[in-house]
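Quick heads-up: the structure tokens below are two forms of one chain, split into structure 1 and structure 2.
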Structure 1
């Protein structure tokens, strides 16, 4: 499902002394099956924006189109129920939302809530758990006994159980250790590639954004500053430094080298794979000039 924002404004507590405009004239397009990261500092509007994707918030003005559904300020709650099944949301620290006595009951809750039979939901719970890399043994365990990384997976399995077309993830790896982070990110990428789920990732880890996203939406003060590939965003130093956006470590190191006089014309490396090519290239070029 394609996502389209047209001239979207969002105002919290309108017509009150606390009125606050969180989104201003947001226009963007997210293609079906793509992997898009939303970045920006705290308070830039990331959370407000993603809450429009399943109708938790409705635009104060303008419209949001998701597939065939157009959401405006006047849409009725009853028109949003189908959307809520199609858009899965994994909020920050989702393990805090685990509530059932067993992992199985927790994962089944979504499908049953959306009208699936108990029997079918049981089957779905198994499949979803497998998708997140946990085996059947976990079904009867209490979510509270699991490690942080395992709980995060169970929460994700709960979202996947309703088979969303669009998966929205708010800081899915925050607080996990190095291995846990890598595993979750790989899993999300796999969902995009194998199930063609549209992935929308809010993240503070620029390394994750550079490694996994195809498209980046950069927000500042409720406005879209730029929508482009990670490569274009991170190599645009004017924008990143003006907005205080941290760039990937590889980009920082490559910039240090260029400042010192290393000769390189291509776009700056944004992840380790492209950094390795960058290193190889600069030394090869240097050797060539020496021979000439």
Structure 2
């Protein structure tokens, strides 16, 4: 499902002393089946923007088009039920959303809420749990007995149980250790590649953005500053420095080597794979120089 924002403004508490404009003239396009990251400092409008994707918020002006549905300020709640099945949202620290006595009941909740029979919901729960790398033995366990990483997977399984076309994730690796972060991000990327799910990731981890995203939307003060590939975003030092966006550690290390005399021509690496290619080219050039 393609996503389009056209001239979207959003105002909190309009016509009151506390009026605040969180989004201003937002225009963007997210392709169906893509992996898009949304980045920006705290208060840039990231959370406000993603809440428009399933109608939790409606534009004060402008429109959001998701597939064949156009969301404006006047859309009725009854028109949003199908959208909310198609757009799954996982908020920061999603394990806090787990509420049922067992993992199975927690995952079943979404499908049953959308009209699925109990018998079919049980089957879906098993399938969804398998997708996140957990086996059936977890079904009868209490979510409170699980590790942080396992709880995060169960919460994700609950979202996947309604089979969304679009998956929106707000800091899905927050609070996890290095291994837990890697496992969750690989799982999300797998969903995109194998299920053709459109992934929208809000993240403060530029390493995750550089490793997994195909497109990046950079926000500042409620405005889209730039939408481009991770390479183009992170190579634009003027923009990232001005907005306080961190550079991926691989890029920082490459810059460190260049400052100390390493000869390299080309775009700087932004992730582990491109850094390995960076090192390979440096060694190849040194080898040629020695032969000459």
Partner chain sequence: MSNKALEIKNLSFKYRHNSKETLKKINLSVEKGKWLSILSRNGSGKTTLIKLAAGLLENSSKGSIKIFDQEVNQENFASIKEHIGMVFQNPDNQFVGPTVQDDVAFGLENKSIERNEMIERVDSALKDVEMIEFANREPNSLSGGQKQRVALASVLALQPDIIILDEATSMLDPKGRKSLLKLVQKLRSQYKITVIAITHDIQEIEQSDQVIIIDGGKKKLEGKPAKILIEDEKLESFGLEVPFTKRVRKRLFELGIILPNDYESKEMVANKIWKYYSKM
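Numbering follows the first chain given and starts at 1. Whichever C-alpha set is largest while still superposing within 1.5 Å between the two forms counts as the rigid core. Source: prediction; values computed, not measured.
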Mapping for form predicted in complex with its partner chain resolves to structure 1
| message | Please determine whether the C-alpha atom of residue 11 is displaced by 2 Å or more between structures 1 and 2 following superposition on the rigid core. | response | no
Residue 282: with the rigid core matched between structures 1 and 2, does its Cα shift 2 Å or more? yes
